[in-house]
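Only one chain is given next, in structure tokens, and it is the form predicted alone.
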Amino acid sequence: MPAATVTVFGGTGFLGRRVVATLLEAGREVRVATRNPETVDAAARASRVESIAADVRDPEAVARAVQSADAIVNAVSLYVEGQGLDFESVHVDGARNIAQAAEGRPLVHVSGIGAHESSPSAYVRARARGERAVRDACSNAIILRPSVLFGPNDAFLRTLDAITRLPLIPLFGRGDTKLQPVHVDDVAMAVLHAMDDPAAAGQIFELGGAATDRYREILALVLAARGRKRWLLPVPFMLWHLLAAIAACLPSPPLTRDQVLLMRDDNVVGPDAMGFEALGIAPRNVSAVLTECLG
């Protein structure tokens, strides 16, 4: 039986907002658990959405947020540490608190492709430890690992759009890193399908878009969509790491070591992984909706 009431942690983020909207469209009652309830959209609050203050690092607040809920979604994301937040407390401790509070109810935990504990990236290691903490506390938890998200008003394509305004575009290495960008609405639909599918319990799904492109190829798509012509300049990763080390001295660094590391390794669905097909979803291709997303 489909869950009637769903608590969504991280429901005010880029993915979380689309998860909330998808659940509402499916006729569910939604409770958004967030540190700042005032950031919940007014339109969402008027559409069967309850907001509740809850910090995932506080087990008691998490337990209150899931009371009477039929299912739970953890879409909390932290990409850059700061302002009292760190990867360990959010992606590991917070994820464990949510999984423990689930007490056997359907739980969809959003992680990311490539999560493994031996990664040189602190962000990726925390994601992997968070997955392990979730599985230890809630064996039937469903783990979704999306590739880089795109969609209207996203961070990924907006950043590339800004970069392509430069007279010379610096590449990460030679721009050969493979990416499989996935539309945010496709991932939100995967959350709904996985939650309602008994066969998905305890499974891991890797979610990538319909096409796999190299970083420089995606830049070329953005340049073409904007009618721009620019030179692409290969920049060794060693230099990027140096720039990130220098930027670390700033209060809000525009580039971090983890971001450089994430651009070094391919971010694509594994050859043997279950994905969208197992959930009955046909993902979109970034090139097909690029103009719409760029605005």
Ligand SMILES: NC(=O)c1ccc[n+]([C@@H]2O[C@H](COP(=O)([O-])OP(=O)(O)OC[C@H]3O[C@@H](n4cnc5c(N)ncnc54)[C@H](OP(=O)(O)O)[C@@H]3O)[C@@H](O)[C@H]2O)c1
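Only a predicted model underlies this, so the values are computations on that prediction, with no experimental measurement involved. In this text, residue numbers run from 1 along the sequence as written.
Below, we refer to the form predicted in complex with the ligand, which is not included among the displayed structures.
Chemist: Check residue 175 for me: does it contact the ligand in the predicted bound form (non-hydrogen atoms, 4.5 angstroms)?
Modeler: No, residue 175 sits far enough from the ligand in the predicted bound form that none of its heavy atoms falls within 4.5 Å.
Chemist: Looking in the predicted bound form, any heavy atom of residue 22 within 4.5 Å of the ligand?
Modeler: Flag for residue 22 set to no.
Chemist: Would residue 65 count as a contact of the ligand in the predicted bound form, using a 4.5 angstroms cut-off between non-hydrogen atoms?
Modeler: No, residue 65 stays farther than 4.5 Å from the ligand in the predicted bound form.
Chemist: Taking heavy atoms and a 4.5 Å cut-off, does residue 151 contact the ligand in the predicted bound form?
Modeler: Looking in the predicted bound form, residue contacts with the ligand do not include residue 151, since no heavy atom lies within 4.5 Å.
Chemist: Just one of 218, 128, 90, 137 has a heavy atom within 4.5 Å of the ligand in the predicted bound form. Which one?
Modeler: Of the listed residues, the single hit is 90.
Chemist: Check each of 203, 77, 212, 100 and return the one that places a heavy atom within 4.5 angstroms of the ligand in the predicted bound form.
Modeler: Residue within 4.5 Å of the partner: 77.
Chemist: Within 4.5 Å, heavy atoms only, one stretch in 219 to 227, 162 to 170, 194 to 202, 120 to 128 touches the ligand in the predicted bound form. Which?
Modeler: Selected range: 120 to 128.
Chemist: Check for me whether the ligand, as it appears in the predicted bound form, comes within 4.5 angstroms of all of 179, 256 and 286 - heavy atoms only.
Modeler: No: none of 179, 256 and 286 comes within 4.5 Å of the ligand in the predicted bound form.
Chemist: Judged by heavy atom distances of 4.5 Å or less, which residues of 102 to 132 approach the ligand in the predicted bound form?
Modeler: Heavy-atom contacts within 4.5 Å come from 110, 111, 112, 123, 127.
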